[in-house]
Structure formats: C-alpha cells, structure tokens
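There is one chain below, alone, in structure tokens, taken in the form predicted on its own.
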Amino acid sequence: MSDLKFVADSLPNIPWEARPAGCSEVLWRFSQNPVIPRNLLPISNSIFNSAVVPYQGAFAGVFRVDHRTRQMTLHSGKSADGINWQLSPERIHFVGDDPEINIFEYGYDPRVCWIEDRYYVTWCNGYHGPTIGVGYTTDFETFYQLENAYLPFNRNGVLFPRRIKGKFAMLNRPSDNGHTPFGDIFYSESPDMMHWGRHRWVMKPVGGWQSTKVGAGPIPIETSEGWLMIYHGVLTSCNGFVYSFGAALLDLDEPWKVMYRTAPYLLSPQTLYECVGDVPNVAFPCAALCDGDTGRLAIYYGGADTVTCLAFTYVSELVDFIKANSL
C-alpha cells in the first residue's frame, strides 16, 4: 500500500532483521530470540510481557520481572540497540501522593506511551484485585503514580498516543480476580488521566484462536486506514489457554468501531521458547517500535510467560494483510 500514511518518528536504529529467504509470512520472528532471557537479573525467575519505547536516540522501557520469590514486579531498563538490555536490579518504586494507592501489592504486563510531554505507564496493578495502574516518567529513573483508572477487576490498559476529541483514551479489558476465562475489549476516555468514563464496547472473542478472550497489546499506531491495534487472542484447548496475536483497524475518530480484524492469527506459539516455560503456549505482544521512514515495525512479545522476544513486519504490509484477511 504505497499511499498509506502513518504517524511515527524516524527511527533509523530500530531493531531489525530482514525477512528470511523463502518466508511468505507477513510477520517473522527474530532469529536470535529470545532477546531477554529469564535470568538476565540475579533475582529474576522470568522477564516477559514488557514495554519498550524510543528514548534519547536509544531505547528504554518498563519490564515485567517475576522474582524468584514469584512476586510480580516492574523494573526499568535501557538499551542502545533495543536488543541488549540493562535492567535496574531494583523494582520501580512509584512516587505518589496517596499512600493507600501507592502501596505496592503486585504489578505486571506494563505498557508505555509517550503523550505530549511525558511517558505514561499503565500496568495491571494489585489493589484488592487487578486493576489498571497509571503513572508517568520523564527519565525512566523516577516514576510518579496517579490514581488507578478503574475498579477491579481489569487488565490490559493500553493508551492511545494522542488525545481523541480532546480526551485521553485507553483500551482495557474488564475481567475477574483469577485466570479470567472470558474477556472483551472496551474503550474508555478521560479529561485528565484521573477520571475515566464514557466506556464503549470494542470487540468480543469470536472463533478459533480468539474464541475465549481478547486483549489489546502494544500502543495503537495511527494510520490513514485507521488505528492499527495489535491484540492477543486466547483459545481454550484440552491442555489449557493458548495465546496468539492478530491485528485490527479501528476508526480514527471513534476507535470503538472495528473496521477490519484478522481472521487468521499473525503469530501463534510454535517455537520452543513460546511453547515451553512457566506458562506453555503463550505469545503475548506488549510493545511495538515503528520507523517513520521505512515503515519497519518491531513487535516485542512475551514467550511462555518466561522470556521476551521480537518479531518484525512492515506497517503497510500488515495493514494490507488485515484488510485482505478480515473476519
């Protein structure tokens, strides 16, 4: 799609590997996966489902680190190339005005989104059950915590990278207090990143690889064909949940309206590092880097709830694939 337009800064040092010879897939895995092993830190049992953004000519992010105590925590990290990472050995200690909200119970599956003048962080935050924590940073050293966005129970809080009709906007998935066997994606908005409402239904599970639940993944990318949303879908097999991911195009002005949605998955658990780990058969996308000059797209995803991996595509090819293979 040569006339496709999309919003992305120039990112000449984006992590990248050309499509392998003979590969006809729209999305292909990095040959050196996983990029972050489970034991990168001495205290880590696993490092997965993490968020990465461009930062000062290099890269930074917030990472899910499950400790050897099996506590779920968030750590900051930086990288020159987006592949070799240095993670802080200490978990993020959010600074907050309300000690009740600021008490840390657990945190997992973060996303990071640059909006206007800061990097906002959303994550699944423990507050009498899972809800969406919201915070921000400007330097990936000091992190400030705001009010939780929703009542428990909720997961997969994913911000849009700009205001929509003057309001902050977020995708989320109401859930329960356990390993939720259901889940639709909803859209919510806020005037101030504190009070969230005007909830709108986006999509539900359908069949096959996305028949049990769905949830938003990386920060949506604005294109002339709509918001490009990569999302995970889950099926329930005789051996438990299987997490794959696909993509959809949402209306630019009313993002709860789904215009196209992939019938086939883009990537499903098929390699050793996706099929074998603490939670088998999981490919869970949480972040994407996009180069505005070439349309290259690098997607970070968790493998088997254990390691962090990379896959690649082009924005234009992915948009074409979604439209040609829509439900």
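Each residue number is its position in the shown sequence, starting from 1. Because the structure is predicted, anything quoted here is derived from the model rather than measured.
This next part talks about the form predicted in complex with a small molecule, which is not shown.
Contact with the small molecule in the model of the complex, judged by any heavy atom within 4.5 Å, is made by just one of A51, L289, L27, V282: V282. Scanning Y127, Y120, Y108, F140 against the small molecule in the model of the complex with a 4.5 Å heavy atom cut-off leaves one residue, Y108. The candidate spot formed by K213, Y243 and D305 lies fully in contact with the small molecule in the model of the complex, as each residue has a heavy atom within 4.5 Å of it. Of the heavy atoms in R38, none are within 4.5 Å of the small molecule in the model of the complex. Of the candidate stretches 254-262, 54-62, 274-282, 29-37, only 274-282 has residues with heavy atoms within 4.5 Å of the small molecule in the model of the complex.
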